[in-house]
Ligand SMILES: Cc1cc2nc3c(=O)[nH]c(=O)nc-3n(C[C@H](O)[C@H](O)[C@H](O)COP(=O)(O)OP(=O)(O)OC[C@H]3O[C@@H](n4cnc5c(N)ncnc54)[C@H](O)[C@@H]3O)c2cc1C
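The chain that follows stands alone, in the form predicted on its own, written as structure tokens.
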């Protein structure tokens, strides 16, 4: 298994371009966005125009063709500036366009993936229901055969981009008794279909620039062209998308660690106590060292996993069982450790700031609120440990 990794000149140039864009377009509006709890329509539109909603999608389908490595560069840089914008892109790209790219027919790719990658269509992904969470296979939204198509009825919750999305990749039960093994199918649902509506939007502790919405489906009629992949194989579609999302979430966590460490370092050099900058005290130096070490380790983990996914390609039928197992374990490790390390680093950065870090509206206070969800969504960290443990028991270390 290859371990060495370096960025190409094109990847470095992409990072520079993204960093410049975010500093100019996104950073100035984050504070107001967070305070007003508004979806950042203007900056999302600008990111769509730049092609940032199709970074890993091949150029033939309207994307930038930069793969998972390029996508993680984007999410890392986004994580340094604002978690809400990163979550909007993540829900669209990792969870929305990935299933279309990996499992869609050519017709489905042309109809939905191309405009999504070009920024003409916003995507969302919907698996969770009121009675399920970590038990993600417990899907009760029902898809009943209706002629040559399907009639879908049920409720979905916690859908990022749910209020704004034009199209949702949605899991429904074609046979509740079968559960995830043959009983769940992935559907492509447009928000303008009769019987579909957006319910309540949640008020959240963090990620104030995102919508987290309930979706209500009342006998939504779809044709066979809306089935993504095979009937009964929707759980595979969902898990494949989540593997991509978990690695990119690790990249966003890396950006969060880097931003928190930079904030803490600057503050520590300028804050004087007992006649010295607090950066001169060993207790502060050890905190900074721990934060920097977490970033260093996570950087290798993220890009190793992203490069591995790029090498595997986008055809799940071509993957061996071993490749699937490696990919899933790597994604679980990156997501679990990345999210926890980010929370720990941001907490230490807040501690270094003292009382100022607890004041509403400061970057550290906002980062503290935003980071907590990363240990929960896209599979709780308890589930990630279960995934790793089962693989260790089956294959060893």
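It should be emphasised that the depicted structure is a prediction, and the values quoted were computed from it without experimental measurement. Residue numbers count along the first chain shown, from 1.
Separately, the form predicted together with the ligand exists; it is not shown, and the next lines address it.
> With the ligand left out of view, choose which of 179, 133, 313, 277 has a non-hydrogen atom within 4.5 angstroms of it in the predicted complex.
If I apply the 4.5 Å criterion carefully, the residue I get is 133.
> Using a 4.5 Å heavy atom cut-off, are 128, 373 and 380 all in contact with the ligand in the predicted complex?
Verified in the predicted complex; spot residues all in contact, yes.
> I need the one stretch from 253-261, 137-145, 103-111, 157-165 whose residues put non-hydrogen atoms within 4.5 angstroms of the ligand in the predicted complex.
Stretch 157-165 is the one.
> Answer with yes or no whether residue 121 is in contact with the ligand in the predicted complex, where contact means some heavy atom within 4.5 Å.
Judged by the heavy-atom cut-off of 4.5 Å, residue 121 is well away from the ligand in the predicted complex.
> With the partner left out of view, is residue 386 within 4.5 angstroms of the ligand in the predicted complex by any non-hydrogen atom?
Judged by the heavy-atom cut-off of 4.5 Å, residue 386 is in contact with the ligand in the predicted complex.
> Can any non-hydrogen atom of residue 212 be found within 4.5 angstroms of the ligand in the predicted complex?
Residue 212 belongs to the contact set for the ligand.
> Wondering, does residue 204 line up within 4.5 Å of the ligand in the predicted complex on heavy atoms?
Flag for residue 204 set to yes.
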